[in-house]
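First comes one chain, alone, set out as structure tokens in the form predicted alone.
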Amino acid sequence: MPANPTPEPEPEPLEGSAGQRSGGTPAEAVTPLIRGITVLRELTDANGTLSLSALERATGLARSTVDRITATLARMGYVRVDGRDVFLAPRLMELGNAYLAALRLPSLLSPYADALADELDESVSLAVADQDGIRFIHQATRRRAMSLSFRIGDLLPAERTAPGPLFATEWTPADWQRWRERRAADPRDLSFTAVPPRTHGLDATHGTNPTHGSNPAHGSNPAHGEDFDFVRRTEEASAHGWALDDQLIEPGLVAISVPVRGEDRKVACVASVVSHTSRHTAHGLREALLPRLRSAVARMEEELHRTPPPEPGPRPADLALWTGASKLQLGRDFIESLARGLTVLTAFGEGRPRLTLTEVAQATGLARATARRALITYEHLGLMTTADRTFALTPRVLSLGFPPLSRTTLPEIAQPHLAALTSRIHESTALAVLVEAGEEIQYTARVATGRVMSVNIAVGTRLPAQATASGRVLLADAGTTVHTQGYALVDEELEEGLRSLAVPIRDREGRVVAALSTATHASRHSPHECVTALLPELTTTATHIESDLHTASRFTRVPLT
């Protein structure tokens, strides 16, 4: 269901949490954690970056508070502060990964969505309900000049989508009331940053909305006709078992959706095929693609029903142990309660979809009272639900940076690491991948040194693979010297006086997908010095890049260029 029903009282976890601060915040909620979540959401809505001053204005927090929060998040690897600007960092995706791993649906169903996208040559998505909205958990998009821009984690209003009516078939009266209140408070959908604002005058000319503003019973508010239309679409979805979006989000965009039901026959998620009117009308989309979408959904349901829940692996322990040392090192600039609270989210994952208070405390190493206050805070923020004395993450966890980070590329991941490496070794550094069937390498990221005489290779430059250290790393097969020693050194083979050193970058499966290199003039480093002085720095940096790549690619595709 899209809405989280009011939880039953939880005597053990929530005892003593009935008190309220002003504004309805529970008395035992962790204020620094609430503020940290606010900062992350503002950065997410701003597509991943804001200046410190802009964060101060957007959050309404004091500048000193923003500085301390960003310093804490930077210590966790969740943001990067560069001068006066703050950027979301790939490691933040571990929070969304915790939710997606606990959910299981992306791991089980994404291969079927990808196969359908290949078969139809159209974009295919999977979405779950998030109260009266829908949130994407998987995207298989087609690369076209006119392509889908939605990202994993993006939130859309239910009434402007094809999945929305399917989820609404299971809404309670309280869910419908909450939806109506949201529509009245935000008639233009300004709180949904992933979609263009609603323009009532234009909406009347598009899509399946013939009642727009035309029924006197709904008064003069043009939104009333749209609301009536959503009710009608929900009734049709209940009767037919599928739903259509005919340009409800923006002109030209059409989609058709079918629910994927769990063993309890409730809607677990919704699969959608999305196209453009230049390729399919809404009617044509239904006629041509609905049968194949239904067939794919049937296979998804078979997979979902026959696959037992994973056996819980080794339970994490003392996840928050490091926060004490960081507090001692950074002092007042490190907000330990914020770091501890965010660590609570990472206690969940595959085989751990629901945890008791005791299990959360054991996994994080936090005192029960500390863990309990974090859980109360998350329930208040809509990031967690509770039932039967256990807690579970909600799709709203994906609002913490996942949408902008889900489209990150390997060069974007590597760039700040290259900059840090260059500043340490005072030599130019670069990232390269293989192209042209392995005949050449192409540089995809680079940071130059400030020396008078330095290696000048621009991003996009191609060189023969065999003549470069990066190429030899990328071409290395098992048993070769390069594969065994873990690096390649090319001494004045490509150009007289030029020495280059490279190490591999490996993906989650251990495959070499890129090479990290540095190049220097022969007068500055002997071959021996390249290995003893530069190689350890390259290896350390490669490890940091791989860590970010592995986090970012757990549930998303990370392009290599």
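These numbers were taken from a predicted model, which means no experiment stands behind them. Each residue number is its position in the shown sequence, starting from 1.
There is also a form predicted in complex with a small molecule; it is not shown, and the following applies to it.
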>> Between the small molecule and G96, A101 and I152, in the model of the complex, does every residue show a non-hydrogen atom at 4.5 Å or closer?
In response: no
> Which one, 175-183, 360-368, 463-471, 241-249, holds residues whose non-hydrogen atoms are within 4.5 Å of the small molecule in the model of the complex?
Replying inline: 241-249
>> Please tell me whether any heavy atom belonging to Y112 falls inside 4.5 Å of a heavy atom of the small molecule, as the geometry stands in the model of the complex.
In response: no
>> Please determine whether F402 contacts the small molecule in the model of the complex, using a 4.5 Å cut-off between heavy atoms.
In response: no
>> in the model of the complex, is there a heavy atom of the small molecule that lies within 4.5 Å of any heavy atom of F136, even though the partner is absent here?
In response: yes
>> When the contact criterion is heavy atoms within 4.5 Å, does A255 count as touching the small molecule in the model of the complex?
In response: yes
>> Counting any non-hydrogen atom inside 4.5 Å, which residue from T377, T429, T72, S125 sits next to the small molecule in the model of the complex?
In response: S125
>> Quick check on this chain: which one of L92, A162, L393, A414 has a heavy atom within 4.5 Å of the small molecule in the model of the complex?
In response: A162
